[in-house]
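Next up: a single chain in C-alpha cells, the form predicted on its own.
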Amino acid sequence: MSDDHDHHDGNDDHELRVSKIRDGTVIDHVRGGQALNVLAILGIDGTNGEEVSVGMNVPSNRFARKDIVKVEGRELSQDEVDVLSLIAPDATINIVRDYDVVEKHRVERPDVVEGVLSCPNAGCITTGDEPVTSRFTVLEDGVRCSYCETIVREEIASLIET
C-alpha cells in the first residue's frame, strides 16, 4: 500500500486542494468547525445524492482556521443565506456557473429572521399548537425571540427548523 499522497513538495504545503465545481455554490470563510452546521442549515445530509466538498479547519489568511463548503448543482436562496449569516457571519458566498465565479458576496446579517429558528423556551407561544411563525431579532452576539424575549447565543444551529 502506497502512502505517496501523504507527501508534499515544498510548494504545496499551504495549498488547499478541493476539486472545482461546475455549477453551484461555494461557501468560504466559514468559522472553523461550523461546516457541518452549514450543511444542516441547507438540509444536506448526504441521503439525496448531493455532490458536496467540505474542507474543515484549513489554514486561512483571514482567520487562524476556516471551513469551506462546496455544493454542486445548487444556488442558495436568500433565506438560506440569512440563516447562514447567524453561524457564519464572515462567510463569502460564491455562485459558480460553468466553472466560473459569476457572483461573489459576503453574507449580511438580517435584522430579523422569521420562520427559520424554533424558540428553545417551551413556554413560548411559537412552540405550542398556536399557528404563530417564529420571529427572532438578530443581535450582535446571538438572537432574541420577538415573543418571549429569550436570548440565544450558543448552539443557534440546533434551533434551525427543518
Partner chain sequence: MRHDHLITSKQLSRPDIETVLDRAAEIDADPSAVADRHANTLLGLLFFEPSTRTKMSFETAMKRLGGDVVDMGSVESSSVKKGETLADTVRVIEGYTDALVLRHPKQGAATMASEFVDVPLLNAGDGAGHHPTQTMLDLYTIRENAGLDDLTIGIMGDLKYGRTVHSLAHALTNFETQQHFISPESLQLPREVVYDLHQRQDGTGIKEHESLEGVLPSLDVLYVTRIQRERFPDENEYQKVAGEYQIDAETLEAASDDLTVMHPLPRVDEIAPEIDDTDYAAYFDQAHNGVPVRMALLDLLLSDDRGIRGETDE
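Under this definition, the rigid core comprises the largest set of C-alpha atoms superposing within 1.5 Å between the forms. Predicted model only: the values in this text are computed from it and were never measured. Numbering follows the first chain given and starts at 1.
Although not depicted, the form predicted in complex with the partner chain is the subject of the following passage.
Highlighted residues 31, 36 and 51: none comes within 4.5 Å of the partner chain in the model of the complex, counting any heavy atom. Picking from 117 to 125, 93 to 101, 39 to 47, 55 to 63 the stretch near the partner chain in the model of the complex, with a 4.5 Å limit on heavy atoms, gives 117 to 125.
Although the partner is absent here, residue 129 is a contact residue: one of its heavy atoms lies within 4.5 angstroms of the partner chain in the model of the complex. Proximity of residue 135 to the partner chain in the model of the complex falls within the 4.5 Å heavy atom cutoff.
Of the heavy atoms in residue 154, none are within 4.5 Å of the partner chain in the model of the complex. Contact residues in stretch 134 to 157 (any heavy atom within 4.5 Å of the partner chain, taken in the model of the complex) are 135, 139, 144, 146, 147, 148, 149, 150, 151, 153. The Cα shift for residue 100 between this form and the one not shown, taken after rigid core superposition, is smaller than 2 angstroms. Core-superposed comparison between this form and the one not shown: the C-alpha position of residue 36 differs by less than 2 Å. Relative to this conformation, a decrease of 3 Å or more in the Cα-Cα distance between residue 39 and residue 133 is found in the model of the complex.
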